[in-house]
Every structure is written in C-alpha cells, then in structure tokens.
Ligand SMILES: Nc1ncnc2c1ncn2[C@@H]1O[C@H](COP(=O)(O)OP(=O)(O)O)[C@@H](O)[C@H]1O
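Just the one chain here, laid out as structure tokens, in the form predicted on its own.
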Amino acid sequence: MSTTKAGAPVLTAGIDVGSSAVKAVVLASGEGGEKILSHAAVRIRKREISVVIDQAFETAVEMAGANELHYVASTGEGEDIPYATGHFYGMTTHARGALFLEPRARSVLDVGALHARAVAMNGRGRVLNYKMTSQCASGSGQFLANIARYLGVSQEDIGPLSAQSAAPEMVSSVCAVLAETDVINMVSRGISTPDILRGIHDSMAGRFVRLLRSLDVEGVAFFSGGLAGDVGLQAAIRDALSSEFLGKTAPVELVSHPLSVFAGALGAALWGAFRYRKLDLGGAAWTSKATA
C-alpha cells in the first residue's frame, strides 16, 4: 500500500464535477488499507462552476484536517481544475469507487442529472464495456427534478411518495418534453402524485434494466450517481430486474450504499493513490495556503 517515505499514509483527493453538483472525497492510503477521511457535495445551482469546485474541495479538505495532499484527481467534467494533479475518465472512477464500496459488484448503474450509463467491469475494477442513454431521454435526474417542481414536491420526498403508490401510471414517451406533457395530462385526470412518480420511476427503471441487459451482466450491480439515494427508484429498478431476469440462474442484484453519490470522487481518489505509488511521484501536490 502506498505510503510516504516517512511511513505516513498517502493523502489523495478526488473531485467529481457533475452537471448538477460537485463531489469531493479525501482518502488516506497506508499499510492498513484505504480509509475515507471526508466527503462533501455542493450543488451548482447556476453558480460559477469554479467557485463550486473550490467550495466542495475546500470543505472536504477541512473536514479531513489535511494540510497537504499527495495527489488531487479530477473526474467527470473537471478536466480544467488548476490544482488537479491528473484526470480520470468517469466510467473508470465509478467502477473503482463502486468496487471499494461493494466488493461483489461487477457492474455499475450510474444515473446522473443528464444521463444514465451502465458499466460492466471485472473484479479489479477494470471497465469491460458500457452503454449510455441519450441526453434527451426522460431517464435523468434533471427530468425527475422538473417533474417534482411541477408537482410541488421536494426532491427529498420523491422516493418516499413513490413508495406509497397503489396504481402506477406509466409515462409513455422516452422524450423528456413529451413525457412532461404526459404528466400534465395525468394531473388533469386526477392521477395521484405517488402514482405519477412511481409510474415515472417504472419507466426509467425499464430503460436502465435494458442497459444492464445489453451488457449481459450478472451478479451485483452497484447503483451510483445523484439518483442512487432515491428509494422509490431503487424499488422500481429491483422490481424491473426481478421481472427481466426471472428464471435465469444468475439474476442481477441492485445494491446501493450511503456513499453511492460519491463513487466517482472516491474512485478518482483511489486511482490517484495508485498513480502516485506507480509513478513514485514523491512529495505533495497540494499544500494548504495556511501552511505554505
């Protein structure tokens, strides 16, 4: 395991820049293994992206109590972070972060604000194949946020409300604009909010399961990304998986984790520690202004 010359743990940070939020993780890698020291997520909310990146990074570093970092790794849309040591592709970081949080995982379902992707990987986190939805499909976090806003529901309440559904009303279109029209018609017909939300979740889940099926995955699929904490969507995907893989000897099991949203940032921090050790970089890549 990578350590400094003095034997102290190597400290790395991963910064995952998404479409709606920036996530940061600080990781310690030493002889006893890897340990997450801190994590922070900050929503962009139409602010200058560089300001949000700095806020998420500085919050995570402060929470970790770190005065210096040996490697700062970016992923997602974070190629241009000036203090980043290196950049890693999102599929690679989500696969590595998923494997750390769930060692049984052999695929990742990453659902973000603008798209969803399924990634097949091996037991070492190497990406074997992937498939992605189109940006205009009604299977993204932004689409769900728009619907929640129209229904007057907070994003935190989407999952619990969906779980209360008794008769889900399916959305017929994969186009976000047409799907939103469907929802407007449902409201005018008196369809309840829980049934609308569960219907949307079921529609999204069907597309996600088809992504996984197209990769011919088996075993555990790790749920990552901004929507991974949506319990209603989790339930819809598990139901869709049960139906889609019924009778198969190796069904797919969807697994989430309290830190699922940080999988990309975590994976970047892990790959940063690996690269630091592999290249024998030595020294610190980032030092706090207070101690510089």
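Just so it is clear, the structure is predicted and the values come from calculations on it, not from any experiment. Don't overthink the numbering: it's just position in the shown sequence, from 1.
Quick note: we don't show the form predicted together with the ligand, though the next part is all about it.
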Just one of 221 to 229, 235 to 243, 31 to 39, 62 to 70 has residues with a heavy atom within 4.5 Å of the ligand in the predicted bound form, so point it out. 221 to 229
Given that the partner is absent here, does residue 261 sit within 4.5 Å of the ligand in the predicted bound form, heavy atoms only? yes
Is residue 145 a contact residue for the ligand in the predicted bound form, using a 4.5 Å heavy atom cut-off? yes
Though only this chain appears here, would residue 109 touch the ligand in the predicted bound form if you measure heavy atom gaps against 4.5 Å? no
So, in the predicted bound form, is residue 10 in contact with the ligand at a 4.5 angstroms heavy atom limit? no
Since exactly one of 90, 78, 141, 199 fits, which has a heavy atom within 4.5 Å of the ligand in the predicted bound form? 141
Just one of 183, 161, 211, 113 has a heavy atom within 4.5 angstroms of the ligand in the predicted bound form, so which one? 113
